[in-house]
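Okay, here we've got a single chain as structure tokens, the form predicted on its own, with questions on binding and movement later.
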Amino acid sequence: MTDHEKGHPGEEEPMPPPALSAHHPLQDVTHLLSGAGTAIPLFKVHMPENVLEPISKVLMSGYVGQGPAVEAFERALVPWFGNENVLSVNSGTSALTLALRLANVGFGDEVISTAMTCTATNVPILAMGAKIVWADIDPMTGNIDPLDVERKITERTKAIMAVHWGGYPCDLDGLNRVGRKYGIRIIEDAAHAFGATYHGRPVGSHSDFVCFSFQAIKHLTTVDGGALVCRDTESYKRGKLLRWYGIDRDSERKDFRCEEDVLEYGYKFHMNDVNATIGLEQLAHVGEVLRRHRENATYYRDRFQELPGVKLLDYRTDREGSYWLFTIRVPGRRTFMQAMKNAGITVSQVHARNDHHTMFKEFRRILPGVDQFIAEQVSIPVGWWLTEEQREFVADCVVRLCQ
């Protein structure tokens, strides 16, 4: 072969792209999955194949930011929340932060919250410069206790943060009664509770602010994302500005790239059309996802009703949970968890009590309800992915270990 045929003198032939190694992140992700991909998982991402075509169109459209798909997704969420004031955002944590800002929580204020949740619930309170006051929980639901909330109120209390543990709605009547009595905003962290109802109305239609998560393993995922639902229109309009730096994107501008005067600083919390497109496709399936979770939960409740070694959480007929988690209380939890792992079933406490983390150490106080709950609580697989055989196997293992 001549130098001309090889290319320029001294030029090496191009190397073929390297093959993916066994350790390449695109080659094997099973170690990142719930149960490492071998056990019956506690969580699984729901992603229908029909998202591929619309996602491809959006990616190739030349516009992937917040646009028409975001607006369509927000409109499609309205019936699920029973409220038209829906703001999509880039994460559930952003929704919580925005809710605190809209509640005018600032430096030195107090927010009454629950320690029985993901740290994502309470970190935004610190980010606002506020102080956390822990209220106790009902140890038979995992949810914040309105009576203890009222005992913790001071003149510095600016908001109350309530979490629907596992998707089972809190006592919203009790919380909103306290909120109205003292003029304090109620913020619901409904990350677990998409599709849940309270007194026949969707979670999202009861309190001042309700925050949802569309993170990877939620009932409805947009890969990442969330929504903030506002009770009043003024908060909605302000939130719409604050989620994009405080800029009014709906106003007419002389230069489409240059904003007019910005009155109040905001954040980059908005959703984009890629995530929203996934969300629109997921909405066609989420009803079936919820049905499967609830059906599996009903099966477990029937199987475990008379089981002496298991305490079922309370469940009232005036509300319908979404059962993102199926949590039980098991006195010998450590032994139980190891035995379930040995059987190839992934179980977990899912969230540790927040008040024992060093970052929250200045707010510690005695919480007997949390003590009881955290000593025994564990969640077993309940999701849409379970086959009838897997569900029966999980229940059989629980019965064998706890009878």
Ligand SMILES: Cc1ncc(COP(=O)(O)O)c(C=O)c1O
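Numbers for residues come from their place in the sequence shown, where the first is 1. Nothing here was measured: the structure is a model prediction, and the numbers come from that model.
FYI, the form predicted in complex with this ligand isn't displayed, but the following is about it.
Student: So which of 111-119, 126-134, 242-250, 328-336 is the stretch with heavy atoms within 4.5 Å of this ligand in the model of the complex?
Tutor: Correct option: 111-119.
Student: Of Ser213, Asn143, Asn275, Ser88, which one comes within 4.5 Å of this ligand in the model of the complex, counting heavy atoms only?
Tutor: Here the answer is residue option Ser213.
Student: In the model of the complex, which of the listed residues (Thr157, Asn296, Ser235, Thr93) lies with a heavy atom within 4.5 Å of this ligand?
Tutor: Comparing distances to this ligand in the model of the complex, the residue within 4.5 Å is Thr93.
Student: At 4.5 angstroms, heavy atoms only, are Val163, Ala191 and Gly225 all close to this ligand in the model of the complex?
Tutor: Yes, all three are in contact.
Student: Hey, in the model of the complex, is Lys218 touching this ligand, heavy atoms inside 4.5 Å?
Tutor: Result yes; Lys218 sits at the interface with this ligand in the model of the complex.
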